[in-house]
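As a starting point, one isolated chain is supplied in structure tokens, in the form predicted alone.
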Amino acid sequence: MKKLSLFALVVAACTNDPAYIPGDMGLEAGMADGMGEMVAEARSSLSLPIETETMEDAAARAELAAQLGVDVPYVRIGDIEVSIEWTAKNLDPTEGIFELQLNGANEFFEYDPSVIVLSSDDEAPETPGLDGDIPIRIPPNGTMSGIFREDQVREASIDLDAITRGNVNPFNANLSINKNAESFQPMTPPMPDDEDYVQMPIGDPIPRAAFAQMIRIDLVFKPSTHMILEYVVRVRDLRGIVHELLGDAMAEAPGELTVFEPMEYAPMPPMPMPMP
């Protein structure tokens, strides 16, 4: 019995060890594009190598969905823990400022705030990302490093699910701390610019056991000077569903990976404001 217990502990420790998946070689922006314009931003998207769902897991998920009365994703909050380590380099001899925005997708929806318009007012603030968007100063020819921590990515995952499946306003989700939330209540779709409209609850609350985990990491790098960003995604596989080949899995074992096809989140666009 002692040997079996020790073996179980070793296996648990191994599955909890972090694995690293490099992002794009370098996101470069803030320089001239050769046609008289500036490259204002650079984008990167990295899908996590999630193994194909087993028949046993699919059956267990279907049973849980029947019990909860809601859709249950294959990859849920608590299955994996993700963080993103990044380094920005200022290639310019003058001080610069950059912002790094975190977005992404779960298996249901993808979230891109650049295509989400929440108001027809030209002076309204831009739709926020799931995290980031903080101006960071960087010295001439300097280097800055940082991280989106596991709890930040967990918060971003829950916010993404609440915004898309729950119709929660992105600003409300962004300003609330939801990483320890036990549920969220789906609401009727938002109606931007309708001052008399009030969102109403629809259906049952979605419990934490059915919260969807981000399975794709999207970054938007927005520097003021010529800069380059490198990053790596750190994953702790608590459930044993991340392919052992990690970043090489798509090239070497594509048939062993789940292909997710999330829909673009697109709430109802606001009505044009009447001309004075």
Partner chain sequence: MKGPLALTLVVALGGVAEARPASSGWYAEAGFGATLFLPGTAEYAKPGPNVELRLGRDLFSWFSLGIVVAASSHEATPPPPPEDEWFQLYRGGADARIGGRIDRLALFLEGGAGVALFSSNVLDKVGVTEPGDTFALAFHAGAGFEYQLENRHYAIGLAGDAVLIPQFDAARAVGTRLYLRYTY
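What you see is a predicted model, and the numbers here were worked out from it, not measured in a lab. Numbering follows the first chain given and starts at 1.
As for the form predicted in complex with the partner chain, it is not shown, yet the points below apply to it.
- Listed residues Thr87, Asn141, Ser114, Gln185 were compared with the partner chain in the predicted complex; Thr87 is the one with a heavy atom within 4.5 Å.
- Think of it this way: in the predicted complex, the partner chain has a heavy atom of just one of Leu245, Leu64, Val39, Leu238 within 4.5 Å, and the residue is Leu245.
- Only one of 64 to 72, 210 to 218, 39 to 47, 227 to 235 places residue heavy atoms within 4.5 angstroms of the partner chain in the predicted complex, namely 227 to 235.
- With a 4.5 Å cutoff on heavy atoms, Ala19 counts as touching the partner chain in the predicted complex.
- Taking the partner from elsewhere, Ser145 is found to have a heavy atom lying within 4.5 Å of the partner chain in the predicted complex.
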